[in-house]
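Next up: a single chain in structure tokens, the form predicted on its own.
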């Protein structure tokens, strides 16, 4: 922590800040603002009520209009501060609004009804977090079921991808066989094929294999990726062949060499691929939308889509569920991001 603070507070000037220090810190703070302000806005907006989200101009913090229970009325009434007219300075409760006039009462004297122009009052508001946006999710939707589906797909797809990609990369980097370069070029060439081009044949294959409307139908088609094979192969090329020859002299099998030597030495590159795979699988929307039609198999991304209708969108619930959906992937990235720079930097050398 001390080294991090020293790095963040390092300056070029010895006694006072140099102009380059001002320029550097201004640029850095501006970059941090651009990156984190939308996230902060999203989190705060997820605690706003539906009425607060529809307000114009929008507010940064969540506010709710204060209400008061008036004798003789079953429901709490909204409070307004009178800014002009006969009742200026008073705080009244609104009964109803008709056109440009509002019928109001004084909470201290509810027997008398007052008429106030809507241009002469402002709502009485206070900072308040609409926590019901989150609590209602667990009552109205099967959030835990969707969370489990997303977690199962992400974990299983990532493990299968790491296994198949690492085995292919091991063969392409450490074995000498005829056509190895052609296979590698074929693998890399598939990167130029858009996913939308193969959606129809992929859907037909999944249907014929009986995996339609199954979580495995989302997992299996992405079991091997050309990006992962190329990334791991480039890293495994940096592992000296002498280590493998020494293991073979000690009667180690090829599987043992792969499992006990190649995988541990390739940990940084595997961590990078794991992060990319987790982010891809967790945020995947198009393929699960095609394969999964039953709601009990929906992922969180598909469940988010259910909040958006043709005529009306439940923005408060949509924003709250978006925050909950982003939390797991943000935590994974937070704990594993240190491997990204070291892993990618090591895949280019030979």
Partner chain sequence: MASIELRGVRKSFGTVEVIKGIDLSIAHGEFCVFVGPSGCGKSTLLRMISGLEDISGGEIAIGGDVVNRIPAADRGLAMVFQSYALYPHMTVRQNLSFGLENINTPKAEIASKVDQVAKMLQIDPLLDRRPKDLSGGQRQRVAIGRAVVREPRVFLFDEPLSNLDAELRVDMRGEIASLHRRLENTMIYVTHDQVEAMTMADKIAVLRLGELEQFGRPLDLYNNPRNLFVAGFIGSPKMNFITGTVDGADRTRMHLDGGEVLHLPATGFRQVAGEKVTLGVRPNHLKASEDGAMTVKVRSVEQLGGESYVYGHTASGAPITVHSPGQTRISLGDTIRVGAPEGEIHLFDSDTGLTLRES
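Positions refer to the first chain, counted from 1. Keep in mind that what you see is a predicted model, and the values were worked out from it rather than measured.
Beyond the structure shown, there is the form predicted together with the partner chain, which is absent from this document and is the topic of what follows.
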property: The unique member of 89, 139, 72, 264 whose heavy atoms fall within 4.5 Å of the partner chain in the model of the complex; result: 264
property: Contact residue in the model of the complex, from 156, 130, 124, 252 (heavy atom within 4.5 Å of the partner chain); result: 252
property: 4.5 Å heavy atom contact, residue 113 and the partner chain in the model of the complex; result: no
property: Partner contact for residue 247 in the model of the complex: the partner chain, 4.5 angstroms, heavy atom; result: yes
property: Contact label in the model of the complex: residue 145 to the partner chain, heavy atom within 4.5 Å; result: no
property: Residue 256, heavy atom within 4.5 angstroms of the partner chain in the model of the complex; result: yes
property: Partner-facing stretch of 238-246, 101-109, 146-154, 76-84, counted where any non-hydrogen atom is within 4.5 angstroms of the partner chain in the model of the complex; result: 238-246
property: In the model of the complex, residues of 112-127 near the partner chain [heavy atom within 4.5 Å]; result: none
